[in-house]
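Single chain ahead, by itself, as structure tokens, in the form predicted on its own.
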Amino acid sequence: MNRTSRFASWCIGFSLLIFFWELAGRENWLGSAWPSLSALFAFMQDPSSAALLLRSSADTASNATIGFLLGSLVGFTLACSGSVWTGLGPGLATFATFVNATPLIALGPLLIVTVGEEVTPAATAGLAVFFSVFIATLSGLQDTNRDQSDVLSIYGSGKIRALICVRIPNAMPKVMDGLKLGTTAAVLGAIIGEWFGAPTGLGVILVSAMQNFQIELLWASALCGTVLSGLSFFLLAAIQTQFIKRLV
């Protein structure tokens, strides 16, 4: 299937989704908790609602960005450390698996006690990103061209220099894959962290809307979170495409 056919299929599928969503909301097929898209967009265009959603989205984006940067840095650094000092590799992999296996919603109360309510959203976002970047980096470093490493060894280069000059550049396509997946995880992690008492953010709006049965506000907040995740993913995908072109 060529690019034009894929784009046409995507447009058809998206159009059908919008059509049936609107129809289900208008005909009340799924109850009053499922609003139509037209009613949802009308709510979002209200000045007070738009201001609230934009402010909350900006706060969530800020928390997600901080968490994404910290989680990516920690995951990348630990993967490189495990690759250079092979004795650390199994322990770091076990640690990363343990962190990934622990539900973020269970870590939220612990983070509030340790780092505070305002830092918890960025911390949960970082934890959500950490594992994907760690695994992608570790996988990329293991796929390094052996011939290039042998040349560096012949010339007396140490492990760290081989890592910087050969292994990291060769691993970057997979690292970019991990970062791309981490962007959506960062937004979700930030929203989950905001559930536990953060002063602002989409997570706060979601909890408040659920408790007060504000259906339009609930769906609008969820839609804003989806848009944030999608924009961050496509931004990293565009950066990855340009990066790979330069490598080629």
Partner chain sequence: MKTALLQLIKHYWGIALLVFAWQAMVMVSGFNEIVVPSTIMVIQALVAEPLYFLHHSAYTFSAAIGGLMLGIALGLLFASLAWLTPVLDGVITPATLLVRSIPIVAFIPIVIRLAGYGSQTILLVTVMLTFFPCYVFALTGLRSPSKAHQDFFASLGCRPSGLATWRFYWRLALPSAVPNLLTALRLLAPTCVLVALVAEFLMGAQGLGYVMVRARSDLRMDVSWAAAMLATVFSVAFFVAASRLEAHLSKVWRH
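Predicted model, so just to flag it, every value in this text is computed and none were measured. Definition used throughout: the rigid core is the maximal C-alpha set that superposes within 1.5 Å between two forms. Numbering follows the first chain given and starts at 1.
The discussion below concerns the form predicted together with the partner chain, not included here.
- The partner chain in the predicted complex comes within 4.5 Å of a heavy atom belonging to T102.
- A residue is said to contact a partner when one of its heavy atoms sits within 4.5 Å of a partner heavy atom; L23 fails this definition for the partner chain in the predicted complex, lying far away.
- Taking the partner from the other structure, the partner chain in the predicted complex has no heavy atom within 4.5 Å of any heavy atom of S232.
- Using a 4.5 Å cutoff between non-hydrogen atoms, F41 does not count as a contact of the partner chain in the predicted complex.
- Although the partner chain is omitted here, in the predicted complex none of A58, V84 and P173 has a heavy atom within 4.5 Å of it.
- Only one of 165-173, 108-116, 135-143, 69-77 places residue heavy atoms within 4.5 angstroms of the partner chain in the predicted complex, namely 108-116.
- Put simply, of V204, L53, L37, L188 only one has a heavy atom within 4.5 Å of the partner chain in the predicted complex, and it is L188.
- Heavy atoms closer than or equal to 4.5 Å to the partner chain in the predicted complex belong, across 181-215, to the residues L188, I191, I192, W195, F196, L206, V207, M210, Q211, F213, I215, ordered by sequence position.
- Residue displacement note: F41 has its CA displaced by under 2 Å between the shown form and the other one (rigid core superposed).
- Shown in the overlay between the shown form and the other one, fitted on the rigid core, is a CA shift at N28 of 2 Å or greater.
- With the core held fixed between the shown form and the other one, G13 has its Cα displaced by at least 2 Å.
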